[in-house]
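Here's a solo chain for you in structure tokens, the form predicted on its own.
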């Protein structure tokens, strides 16, 4: 039996659902459509198969997630991943933090940023633009109602434009939701 992972890592653990995932071979047409798979597709994650129990929600979630995290304009892909890491650190979602830290590292070839965040969490000291992104994501994930004009001004001072700021809000906020799903539907296990 594998052990549950309790510390942040950029090595992606195995996510083990508490709920039995939908069996791809016996999925309903609605579930198949929501997963956007064909019967020959073998690469559907346990997470998506678990979410497929509610195909109506999954059919909305996946396109929204893809537009937020993989949009062409606004915040760079790496910075969207950093926003996801910030939310995941606050929410203590080891799995999501690992996935998005790994993606950030792959995109930037700068593991020092993630190492600093995982070592010092909310007290991490990183480059100014990345610091502003991480700090905003963490504040949004902790107490969204306490964000002020000063938080937006800090992002502008770090060089973010309006679209980049919106992308950061979206990438951080969707992970507030995703982290809670991951926590309640399963747990990260050592590989």
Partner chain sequence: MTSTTLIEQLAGIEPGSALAQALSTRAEVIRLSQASHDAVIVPREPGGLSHGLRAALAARMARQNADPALAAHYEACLARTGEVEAVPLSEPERQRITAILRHADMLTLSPRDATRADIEALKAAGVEEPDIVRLAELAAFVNYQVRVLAGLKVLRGNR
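Positions refer to the first chain, counted from 1. On a predicted model such as this, the values are computed, not experimentally measured, just so you know.
The discussion below concerns the form predicted in complex with the partner chain, not included here.
Listed residue that, although the partner chain is not shown, lies within 4.5 Å of it in the predicted bound form (heavy atoms), from 45, 28, 36, 148: Only one listed residue qualifies here, and that residue is 148.
Triplet 99, 107 and 190 all within 4.5 Å of the partner chain in the predicted bound form via a heavy atom: Not a single residue of the candidate spot has a heavy atom within 4.5 Å of the partner chain in the predicted bound form.
4.5 Å heavy atom contact, residue 111 to the partner chain in the predicted bound form: Answer no; every heavy atom of residue 111 is more than 4.5 Å from the partner chain in the predicted bound form.
Distance check, residue 131 to the partner chain in the predicted bound form, heavy atom within 4.5 Å: Outside the cut-off, so no.
The partner chain contact at residue 117 in the predicted bound form, heavy atom, 4.5 Å: No, no contact at 4.5 Å.
Residue 174: touches the partner chain in the predicted bound form, heavy atom cutoff 4.5 angstroms: Yes - in the predicted bound form, heavy atoms of residue 174 and the partner chain come within 4.5 Å of each other.
Neighbours of the partner chain in the predicted bound form among 115 to 142 [non-hydrogen atom within 4.5 angstroms]: Stretch hits, in order: 136, 140, 141, 142.
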